[in-house]
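Just one chain is shown here, as structure tokens, and it is the form predicted alone.
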């Protein structure tokens, strides 16, 4: 799939009509993302290798004749009301999820956008809180709808940075640029190599039908996730300062031994993850170009080990899925697997043999539940198309 399914669009249109007693004029979609490798280095000047996935947020909008934007969704219990005559600030968010569109609106108003009062409905097939960047997809879908309503056309980079700023200043998450870039710039059958230092993006073809991506949502999200994310970033900044480098790109794996005595144990482990993960991501690009899937799989397993032991952002449920993947191995259809996203729950990403993908999916589900007592929600995807406006049929 390279666009939201007809079922999702039809569902969103029906919900909009029921909620607001009118038809929408504008509709936009934005995909979630999965990161194949390069975790927790988007805010550390590294390289990341995400892909948009065929799970989406859709935002529908129509003028309502007021000076308010009213946002409703079946995913959230409360309606969000954004006032267009009051400067948006985080304290004006009455619910946590309202902070995302409020931050996006702030970015548009700062640019002098003339936005009418709107009724907005949002709907998603991205599992919320699963580490698949539902928040970025929400921001991007909403911003794409605002572009249409305001008659604006932001560049892809400008829109990504606007949404990232909303995440920083309104949601309080010091994320890098990966999630918003992947949601906006995703290409069908391509991964995106993003240089998070220069913000340069290079599409990496992954159009070999013999391999697929299997996303497995552990259905757990531990409370450490939000606070520990900011702490990891602070650890990395402190380690970099103590080492006297301006960018992690100044160090390579062979340099780590010589700097080990300059950092305490925790900061050294953080540094080791960042430096080795940057190198693993570059090696992964070469493996993909050569279609060396076993080599790519080993890099993914090594990435997970580093995230679990050096960066300490995994959890028992994520580790369980990776152990199951290792048990299956190449003969069982799995080349490699790792956690993806911020960690402490959420999802894993596995590179699997397409001909064995359904069998792997079933095996994962059975054995994960056996070990944890939790149902695993898993699906097979290929790199998908990024955010775009959707045409609304004239008879809708």
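This is a predicted model, so every value here is computed, not measured. Positions refer to the first chain, counted from 1.
There is also a form predicted together with alpha-D-galactopyranose (GLA); it is not shown, and the following applies to it.
Quick check on this chain: which one of 220, 263, 175, 211 has a heavy atom within 4.5 Å of alpha-D-galactopyranose (GLA) in the model of the complex? Contact check passes for 175.
Find the only residue in 229, 301, 97, 293 having a heavy atom within 4.5 Å of alpha-D-galactopyranose (GLA) in the model of the complex. That would be 229.
Work out which of the listed stretches, 22-30, 59-67, 357-365, 39-47, brings a heavy atom within 4.5 angstroms of alpha-D-galactopyranose (GLA) in the model of the complex. Only one stretch qualifies here: 39-47.
Does residue 345 make contact with alpha-D-galactopyranose (GLA) in the model of the complex, using a 4.5 Å heavy atom cut-off? Residue 345: no contact with alpha-D-galactopyranose (GLA) in the model of the complex.
Does any part of residue 341 reach within 4.5 Å of alpha-D-galactopyranose (GLA) in the model of the complex? Heavy atoms only, please. Contact check for residue 341: yes, within 4.5 Å of alpha-D-galactopyranose (GLA) in the model of the complex.
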